[in-house]
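Given as structure tokens, the chain that follows is alone and in the form predicted on its own.
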């Protein structure tokens, strides 16, 4: 089919929306290592996990053989409020870069939460409501997940308790207020509300917090409150499962125009967006049906894949959560407070970590000021103000497109535009006022964290 016939925006019909989530693990020869009980160092059982997570979510978390899970009708009906999301051909960006590359992006910002996070938030809230719970607890970094979960809980009439990384709580008051508008309570973390919060504050006075800290507080609150469970917006297998709607829609849209991508790029913090975007493409790669170059893009200030250690580590700073085998910087690693994006988790999804360790995808890290230069350029050319997280993928996409210009290669690039940056204007202000810098941890710092990793064979 002629390239001229491909529209700027490719929309699917409601009837073309996925009716089932795709479980990438089912096609993995090397399965992700199991979560371990920190007390026994044995694989976590469904019974043990059900004290923290909703029962049906535990089933999804532990199942690495079922390829597809039906999406409940209530969730599919909710999805219809903002899905299918558009796949956009970035004609303007291609022209400005003077590149032979063809660039597409899957835009997930067409909902009030402003990001892809709502895809999993509504699923997790649905299962909590189905189980008859009173409410849920969670953590949030930049605030996208907390915003999405507050919306989902409001829809199902659930209480929502959010622990927000302290520096983001202070830097992003508007994101905080959107959560409160939807009925959530929001606490800066670490806080005096929990035992683990008080312990972290005593050991690290004045700390600006981390996702690891906030996770510890949220889990403690959940297990100590009757009728509550903990939910998480990234990292877990269940979250990557729900986010597969991104990749499934993307592949359906590309297939309609006989387009096969050469390169697929996603930002990577805990892995939810990247895992969702690449799912069906990686599945083809694992089954030997097609090949793609897949690139994870992470911040240089929190480089778990590119500079971390592949080992078992605690999922949280307070060391109350299970141990996961992942690329990690150490559970007590706290990123620089000036980092503006939400890609602040100390580790990477176990599923993506295994794929990376098997050489099935690449990873690059990018500096914060370079990310915002790319974000500003994209906003001026394509007319969308991107979230800082999304701009990591934009930066790598521009780099690859420039390489195509230099070599004359006609590559097709697809990247995930995870959301909008309208709640991130303080960060944009710092960039424009030259108050943003590029803190990158030293080798010595990372070695000191790695030295504290649990000794598990």
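Numbering follows the first chain given and starts at 1. Here the structure is a predicted model, which is why all the values come from computation and not from measurement.
Not on display, but discussed next: the form predicted in complex with a further copy of the same chain.
Not displayed here, a further copy of the same chain is kept clear of residue 202 by more than 4.5 Å at the level of heavy atoms in the model of the complex.
Among heavy atoms of residue 383, some come within 4.5 Å of a further copy of the same chain in the model of the complex. With a 4.5 Å cutoff on heavy atoms, residue 33 does not count as touching a further copy of the same chain in the model of the complex; it lies far away.
Among residues of the shown chain, residue 182 is one whose heavy atoms approach a further copy of the same chain to within 4.5 Å in the model of the complex. Between the options 192, 177, 255, 358, the residue in contact with a further copy of the same chain in the model of the complex by a heavy atom within 4.5 angstroms is 177. Contact with a further copy of the same chain in the model of the complex, defined as a heavy atom within 4.5 Å, holds for exactly one of 410, 47, 429, 406, namely 429. Stretch-level contact analysis of 213 to 221, 303 to 311, 349 to 357, 80 to 88 against a further copy of the same chain in the model of the complex, using heavy atoms and a 4.5 Å limit, identifies 80 to 88.
Using a 4.5 Å cut-off on any heavy atom, the residues of 87 to 126 that reach a further copy of the same chain in the model of the complex are, in sequence order, 92, 110, 111, 112.
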